Each structure stands twice: as structure tokens, then as C-alpha cells.
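Next up is one chain by itself, shown in C-alpha cells, the form predicted alone.
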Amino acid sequence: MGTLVHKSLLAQGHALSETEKQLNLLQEASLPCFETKLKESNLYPLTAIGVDVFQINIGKMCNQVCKHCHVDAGPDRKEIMTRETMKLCLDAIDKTACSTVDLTGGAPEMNPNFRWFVAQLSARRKKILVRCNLTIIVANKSYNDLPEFFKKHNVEVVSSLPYFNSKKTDAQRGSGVFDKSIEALKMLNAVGYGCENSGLILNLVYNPSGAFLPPDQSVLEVEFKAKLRSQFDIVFNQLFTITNLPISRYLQYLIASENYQGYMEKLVNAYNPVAASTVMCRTTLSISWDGFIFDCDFNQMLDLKVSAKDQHISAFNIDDLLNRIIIVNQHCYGCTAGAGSSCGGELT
């Protein structure tokens, strides 16, 4: 389907919400239904097998406006999780045996209750991940102590770095982002993050900058480590490669560049049943800034809530969620293509 047809669909759907428009576009592409692929792999319906990870989006406000951002985050976004909703999340976490809480945004550090929330999770002895965009650390003096704060609570830092040079990084994330990211990485290294035997984990994330799948994660990690060490004396633990899903700004890019149909076909042709069986949504719950429950962060951005009677954290029912059927759609091809993709990188 060509770009002109997509633009026509967008025009026709002007009264629809942005998420409805995106879902319409995903359905309009002449591609095999994802549910059909699951049936062929004897994986339909895809079901949850537990709740080990709470991934919580505590706000869409961000100091950056990245081209690939599926959250559509930026400085102008006002959606921020309140402390009251955070307390509901803590109550829900206490009702489960989850091991990990993954805090994301936007820039989660911009939520005024971010540090309080981390301290509460730390007191519960949960593994805490913070998806830090790095530049927030050097954005102004009030964030300069984040490396020490992260260290105090043994937070695992996961940060996006599209490439080991400024040209590709700034093209995807904004002018000057690479230099600020390098400065922030040095600050994290200075307190022990990414350093051998420190126990302080610093992982980087690579998202492709164009309409293609990420390369082999282990090979790219070796290259990233060598380049960052030799050029900037920076160290880190692991590199995660994540496939861009056709949602929000990345979907807009695919349409504008006339790559939409071709990219979707790449995802479909690379479908991997082994990756499909191990997708992160089977052991994860995603909580939105306003407390609604989703199978994953991507479903959250498409407003595809969980298949449960109670869909808000205020009425959390672990028994209803443990063996739920996962809500799937065409964008799910992104997590099941090639080696698979999750917020923790490759799946297979």
C-alpha cells in the first residue's frame, strides 16, 4: 500500500483518536494476520505465564524529542503519574511475587515523585530498572546527583545510545545529544556504573535509525564496547538491540519515507516462533501514567488494555491477570522478528 493511500486513510480518520488511526493503518496493510502466525506456531491464544516484571510509565514528559519514540514523549507532554497512583502500584506489587520494577517514561526522573517511588521500591528489595535517556543527568544541576542516587538504591540503569558517534545519534535524538550522553556516561562510570566487579549495572540500548531490523546483538556489543572505550574511556555492561515497532513517531517516519509496507513485510518474513513463545508480555504487566494495565508498553501506546475484568491498578486482581490471554495485533510482528525483541534486547 502506497503512501498516498495511507495519507488518505489518515484524512478519512480525522475524527478518530491517534491510537485508532494507528490501528487502522496496521490493519490496512495487506499482510498475514498476526493471530494466524500464532496459530501456525501452536501459540494461539498467547497466554501469560506469570507476573515477574512491572513496567511502569510514570510520565510522558521528557527533555528530548526522539524521532523513533513510540511514546511520543517530549517537553510539552503533561501526563505525569501522581503519588496516589504510585501508592496503588506499590499495593499491587505487594500482592505479587514480582522480582523487577522497570521505570520508564518520557524521562522518568522528571516526575516530581520519582525519587520517593524509587526509595519505596528499594525498601521492598525489588530489582529496579530506570530507563534513563542520559542527557537528563546533565540537563541542569538538580539532576547532576542522579548517578549517586542510582548507586544508593542499586538501580540498574538502561540508556539509549543509537550509535558511538555524534552524527547518527544526533540525527535520531536531537542536536548535541551525543556529547551530553558521553558526559553523562562518564559521570555514571565515575561512581562505578558499568565497571568490573562494582555490581552497578549500566546497559545501553540500540534502536535502528532506519527501516531495517537491528544487527546481531552480540556482534554490535563488541563494536560498541571497543569504540566507546578507545575514544572516550567509557565502559558498560551489555548492549540491547531493540526492533522499532510501527507506532507513533516511527510509524509517521515509515509513512513519510514510503517505507511502511516494505518494513512491515520485513517483520512478517522474519517472524520467529521461538521468539514469539518468549515475548516479554508473557511475564510482564505494563502500567500507564494514569494507572491502567496493559500487556506491554507498546499495547499501552495503542490503548489496548489487558483482557481482564478489572483494567485499572485501583482494582488490581492478580488471579485474574496471571493466566490472561495476551492482546495481540499487527505491531506484535516487531517483537517476534528475527532474534526477537524486548526491552531487554534479543529474545533468542
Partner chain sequence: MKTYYDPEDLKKFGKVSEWQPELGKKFFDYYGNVFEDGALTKREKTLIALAVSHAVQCPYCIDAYTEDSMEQGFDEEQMMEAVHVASAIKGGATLVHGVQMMNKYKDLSM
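Positions refer to the first chain, counted from 1. Keep in mind that this is a model prediction, so the values were computed, not measured.
There is another form of this protein, the form predicted in complex with the partner chain, and it is not shown here; the text below is about that form.
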*Taking heavy atoms and a 4.5 Å cut-off, does residue 214 contact the partner chain in the predicted complex?*
yes
*Do residue 79 and the partner chain share at least one heavy atom pair within 4.5 Å in the predicted complex?*
no
_When the contact criterion is heavy atoms within 4.5 Å, does residue 114 count as touching the partner chain in the predicted complex?_
no
*How about residue 165: is it within 4.5 Å of the partner chain in the predicted complex, going by heavy atoms?*
yes
*asked:* Going by heavy atom distances of 4.5 angstroms or less, which of 83, 266, 152, 127 would be at the interface with the partner chain in the predicted complex?
replied: 266
*asked:* Considering non-hydrogen atoms and a 4.5 Å limit, which listed residue (138, 191, 235, 220) is close to the partner chain in the predicted complex?
replied: 220
*Only one of 127 to 135, 165 to 173, 191 to 199, 92 to 100 gets a heavy atom within 4.5 Å of the partner chain in the predicted complex; which is it?*
165 to 173
